[in-house]
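Below sits a lone chain in structure tokens, taken as the form predicted on its own.
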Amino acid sequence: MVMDRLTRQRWRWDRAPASAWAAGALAALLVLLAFATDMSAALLILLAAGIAFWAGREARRYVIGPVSADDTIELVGLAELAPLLEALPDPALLIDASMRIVGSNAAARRQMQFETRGQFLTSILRHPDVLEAVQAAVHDGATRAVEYEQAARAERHTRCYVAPVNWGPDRAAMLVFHDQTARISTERMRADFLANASHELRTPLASLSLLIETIAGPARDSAEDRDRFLKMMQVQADRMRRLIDDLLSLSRIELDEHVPPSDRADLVVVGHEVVDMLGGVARERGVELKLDAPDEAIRVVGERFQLTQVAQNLIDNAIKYTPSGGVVRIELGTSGDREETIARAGKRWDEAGRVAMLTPAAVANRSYAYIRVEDAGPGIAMRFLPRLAERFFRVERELGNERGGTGLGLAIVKHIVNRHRGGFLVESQPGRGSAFAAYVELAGED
């Protein structure tokens, strides 16, 4: 209801219609006749009273407005609309003419991290296009839809629908936020997949075409040459398979990167499983894997499958660059806050170059667990460290010493760790080796 009760209102006789004036005059004339006539006086007076009552009803229909603060129609305030916002599944805000928040739903408070009603909109949202749309809705009654990107570690795209709300004499603006991140991420994923796949698949496809032509031509009659070229074709086919698998894996990770995981996983179990999985590969290359992990569980906030991918990619990368007879060291541990974890997991070698490829936001009372993987390879020059997590970047390609691989392993690690709101570090010293460390949030007591 717009009015929950109707209070006293002062009549505006100067605004009354002609019918009301005529009825009043007729009532007065009948009263005079009643006094001048002996017979039927009572009947005339009764008729006059009825006509006067009707005249009063007509006059009340045309009250123009209150003339004082005491004689007003009590309207429901804008703040009383707040419970209606809770029915909306998307975050929603109600903003008054002074740009203050007079209503919100739980989804908005959870996403924008505020509690107090009455604070200014600019305290939680500062995008100029949205603020301009709110002003236009409040002052001009305009409806707009604004799409914007939030500056956060995990890229988020939002479409804000701004519409005016007229409630009695007041006007407000209703803001409804729709998350567009999944849709835009899907579109970009498709575009990136096509671009990257077409670029990276060109080399093995060209090699396969050349080998097929060779087998069909000069090597047609040589069984030895055919076997040798068929093995080369198998290598190129395996390379394409690994490339497609990594591209699909990276695309799936990026699609959900804006949604942090809520599961729990034991990092110690993950470490032992991956070491057992890659033990055969390490032995074939003459590399020893040494795992340093506590006996008790290390429970972290994260998806077990993706954390397994992190450990597998880091250890596999270390095996690839460690020469025969070398040792790959894997360390699992816990630490305190972000700065303590960075110092403990990523600053071991005094003469090493260091880069933080991913750093989480500083959050009070948050502790981390880490996995650190050291290889015994040749090390990486400082100029290459910032680019290690780029897609398809390989140091050996820059140095003209191609070792194979897709160049997506560290990019996958970075995106998984970013989804887990963790950090990713590297330190490397030429002649000593490289060490990569990833850390994620420790799980609290359930």
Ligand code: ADP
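Heads up: residue numbers just count along the shown sequence, starting at 1. In this text the structure is predicted, and so the values were computed from the model without any measurement.
One more form of this protein, predicted together with adenosine-5'-diphosphate (ADP), exists but is not displayed; see below.
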Does Arg419 reach adenosine-5'-diphosphate (ADP) in the predicted complex, with heavy atoms at most 4.5 Å apart?
no
4.5 angstroms heavy atom contact with adenosine-5'-diphosphate (ADP) in the predicted complex for Lys320
yes
4.5 Å heavy atom contact, Glu254 and adenosine-5'-diphosphate (ADP) in the predicted complex
no
Touches adenosine-5'-diphosphate (ADP) in the predicted complex: His415 (any heavy atom, 4.5 Å)
no
Exactly one stretch in 220-228, 312-320, 343-351, 202-210 has heavy atoms within 4.5 Å of adenosine-5'-diphosphate (ADP) in the predicted complex; which is it?
312-320
